[in-house]
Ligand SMILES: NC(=O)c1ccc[n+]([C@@H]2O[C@H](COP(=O)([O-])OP(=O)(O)OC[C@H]3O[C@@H](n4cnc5c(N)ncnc54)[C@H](O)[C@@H]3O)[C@@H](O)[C@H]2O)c1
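Here you get one chain, nothing else, as structure tokens; it is the form predicted on its own.
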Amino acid sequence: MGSLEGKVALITGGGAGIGSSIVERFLNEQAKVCVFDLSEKRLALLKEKFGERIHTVCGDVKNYQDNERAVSSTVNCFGKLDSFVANAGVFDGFNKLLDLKPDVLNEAYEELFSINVKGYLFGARAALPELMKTKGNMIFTISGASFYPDGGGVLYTASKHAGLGLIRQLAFESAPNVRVNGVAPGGTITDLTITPSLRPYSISKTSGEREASIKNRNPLRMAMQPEDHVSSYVLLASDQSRAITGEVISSDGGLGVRGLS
């Protein structure tokens, strides 16, 4: 018996990267899963792989009506909602504030915060009424950049700090009926999308360079893969964590104990 048997989860940004690994692991733990993603192509590939085991909704997390549609479609398909996993996000390519002209900064802010912060708010607002019915939970993907500098540029780091505040405030507001927690992955080998306006200003690295850079940043010297993080999501979605809310599991290779070296 899987630890999520009988549970229903809605996962945003589940078409690739950490999101797709969460989807697969939740299915293996016997959950019923709806995947909400912007890419029709990625969703089609998931349906091809998992068939009727999953339900998919194509939409944009920046649009509140799309979030409502994803929630209602999940409930219509599976009868309820137990877990909302807010995972969709974009990156800023490590761009520093002085490297961005004001017009680029304005455009990039709107692009990145609309997904990384507003998308989380919209998803949470749409999901909360259904989660209250099941005494369910929310899980937000944040980042090591929610706690430490240099996990991204100024925009990404600010957005992830906002995600941390969102977890804490929502956990306070939603108790005792809904638990709200997060997972903070460290540097992970994924194709995390750089927001469009910042792509011309971002330095591309080979896969080998990215791996070496990530390994040098954490004490465990790991270039993490998406599957390295998914057990944390399973725990937080399960009844085994029923006493946990307002917390974040750091799955980052030990960033908090880097010391001075």
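Everything quoted here is computed from the prediction, not taken from an experiment. The first residue of the sequence shown is number 1, and the count goes up from there.
Form predicted in complex with this ligand: not shown, discussed below.
Practice task
Counting non-hydrogen atoms within 4.5 angstroms of this ligand in the predicted complex, say which of 181, 188, 174, 95 makes the cut.
Solution key: Selected residue: 188.
Problem - Listed residue (68, 211, 60, 228) with a non-hydrogen atom within 4.5 angstroms of this ligand in the predicted complex - result: Filtering the options by heavy-atom distance leaves 60.
Handout entry: residue 253 within 4.5 Å of this ligand in the predicted complex, heavy atoms
Key = Contact with this ligand, no.
Problem - is_contact(residue 170, this ligand) in the predicted complex, heavy atom dist at most 4.5 Å - result: Taking the distances in the predicted complex, the answer for residue 170 is no, it never comes within 4.5 Å of this ligand.
Problem - is_contact(residue 193, this ligand) in the predicted complex, heavy atom dist at most 4.5 Å - result: Because a heavy atom of residue 193 falls inside 4.5 Å of this ligand in the predicted complex, the answer is yes.
Practice task
Mark residue 89 yes when one of its heavy atoms lies within 4.5 Å of a heavy atom of this ligand in the predicted complex, and no otherwise.
Solution key: Residue-level check for residue 89: yes, a contact with this ligand.
Exercise for the section: Have a look at 71 to 79, 134 to 142, 161 to 169, 101 to 109 and name the one stretch with heavy atoms inside 4.5 Å of this ligand in the predicted complex. Expected result: Checking each option against the 4.5 Å cut-off leaves 134 to 142.
Handout entry: Any residue of 97 to 117 that, in the predicted complex, places a heavy atom within 4.5 Å of this ligand
Key = The one in contact is 115.
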